[in-house]
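Single chain ahead, by itself, as structure tokens, in the form predicted alone.
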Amino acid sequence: MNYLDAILLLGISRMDGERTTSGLFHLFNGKKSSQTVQDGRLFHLSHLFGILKGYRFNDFQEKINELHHDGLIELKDGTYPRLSESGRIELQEQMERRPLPPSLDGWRYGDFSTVFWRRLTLFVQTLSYTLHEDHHFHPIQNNPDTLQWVKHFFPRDKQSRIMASSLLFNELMILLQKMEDIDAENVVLRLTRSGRIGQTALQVAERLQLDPMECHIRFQSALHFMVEKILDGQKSYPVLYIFLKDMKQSYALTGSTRKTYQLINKGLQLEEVAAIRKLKPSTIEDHLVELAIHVPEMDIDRYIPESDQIRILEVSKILGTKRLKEIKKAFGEDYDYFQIRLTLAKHEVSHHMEKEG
């Protein structure tokens, strides 16, 4: 069994037959829909959000079929995976032998780390080559926004470049020394400088003698660690903070949801927000569910009274499921799907925060 198999088993274990293979794929692939965001929090999988970005669904389904063929998972109705007993044993052994790195947080830092790494690698490359008087090199990044950002912030004269190089080196050393050696090396081996091209993901995995997927996840975790430390301690990392300061936001919300949040904060009703934004009420409902997940002070009592929230939570517990269809069936017309989703989202997150507390 490889590390990718273990990651899939972990996701299937958490969802435990409550969601389809497509639902799991969208979460791992980083689809920013309200349902995927909610699933990440409900099943405590937000840290793996987007960890398989770019992975094709056909390849994903093929891996699911292999796990099924090997007897590690069962497929309810052909699309709802859950672990078999042998799958649970295998997952436990894998996680004890190769646990997930603790700093991994794909939902909170995935987008930040992608932009941060693009900027950092191009900046380091450009700084190194220009300090060695070599102005003829191929940029390691070709993303237009990244090229523009580095062009804007790059030091104009040699003395400023020397100072920037020294400060950046010192800040990176402080961060890297806070990691395990293997994770620090995972980062450094990928950097390009004058006289050395950064290694590819596969080359790094071979050099560190790691499973390629484990190497990838440890690298992502290292980036998430760096981003978190820089954002939390900007005074300690003033140069590195420049790479992130235009991205810092209070909550990890999708852009459209942020606009809805601004209107909700003005006291507008759901229907009024939908009309102003020219969106379907169901889309605004999706935004409210996302807000319930990510904004601790979000009050949902205006959409469903607290006594009704308690009823929904009790029935969900009795039925042993978070599947909306089954909970809705138990209540008939008493509550709509939006009220059930909102209740589950808010209280599952509150419960999780209490456990972490």
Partner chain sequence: MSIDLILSERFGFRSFRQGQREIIEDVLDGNDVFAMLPTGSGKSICYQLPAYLLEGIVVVVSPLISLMEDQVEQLRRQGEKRVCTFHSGMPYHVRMKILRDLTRYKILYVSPETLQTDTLSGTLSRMKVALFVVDEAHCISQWGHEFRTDYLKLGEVCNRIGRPPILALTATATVNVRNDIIKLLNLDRPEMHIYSVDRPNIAFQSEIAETTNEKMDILIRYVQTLKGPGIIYTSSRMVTETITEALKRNGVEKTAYYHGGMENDDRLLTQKQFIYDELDVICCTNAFGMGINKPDIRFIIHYHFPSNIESYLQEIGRAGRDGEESLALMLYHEDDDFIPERLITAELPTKKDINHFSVMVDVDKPDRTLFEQSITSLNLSETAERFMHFHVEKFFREEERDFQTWKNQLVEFIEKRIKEKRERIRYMKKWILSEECKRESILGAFSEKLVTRPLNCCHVCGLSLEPYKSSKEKSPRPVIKSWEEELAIIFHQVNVDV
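Residue numbers count along the first chain shown, from 1. Just so you know, these numbers come straight off a predicted model, no measurement behind them.
Heads up, the form predicted together with the partner chain isn't pictured, but that's what we're talking about next.
**Asked** Which residue among Tyr129, Tyr241, Tyr80, Tyr261 has a heavy atom within 4.5 angstroms of the partner chain in the model of the complex?
**Response** Exactly one residue meets the criterion: Tyr129.
**Prompt:** Here the chain is shown alone; which of Ser282, Ser86, Asn265, Gln148 has a heavy atom within 4.5 Å of the partner chain in the model of the complex?
**Reply:** None of the other options qualify; the answer is Gln148.
**Message:** Taking a heavy atom within 4.5 Å as contact, would all three of Met95, Pro102 and Phe225 count as contacting the partner chain in the model of the complex?
**Reply:** Not a single listed residue reaches the partner chain in the model of the complex, so no.
**Prompt:** If we take heavy atoms and a 4.5 Å cut-off, which stretch out of 177-185, 253-261, 268-276, 69-77 is in contact with the partner chain in the model of the complex?
**Reply:** So the stretch in question is 177-185.
**Message:** Test of understanding: in the model of the complex, would Lys32 fall inside 4.5 Å of the partner chain by heavy atoms?
**Reply:** Although the partner chain is absent here, Lys32 would stay clear of it in the model of the complex, with no heavy atoms inside 4.5 Å.
**Message:** Whether Gln141 contacts the partner chain in the model of the complex should be assessed with a 4.5 Å heavy atom distance threshold; does it?
**Reply:** Yes, Gln141 lies within 4.5 Å of the partner chain in the model of the complex.
**in the model of the complex, Phe137 touching the partner chain (heavy atom, 4.5 Å)** = So Phe137 counts as contacting the partner chain.
**Message:** So, Gln199 and the partner chain: in the model of the complex, are they within 4.5 Å at any heavy atom pair?
**Reply:** Gln199: yes, in contact with the partner chain in the model of the complex.
**Message:** Given a 4.5 Å distance limit between heavy atoms, list every residue of 148-167 close to the partner chain in the model of the complex, or none if there are none.
**Reply:** The stretch touches the partner through Gln148, Ser165, Ser166.
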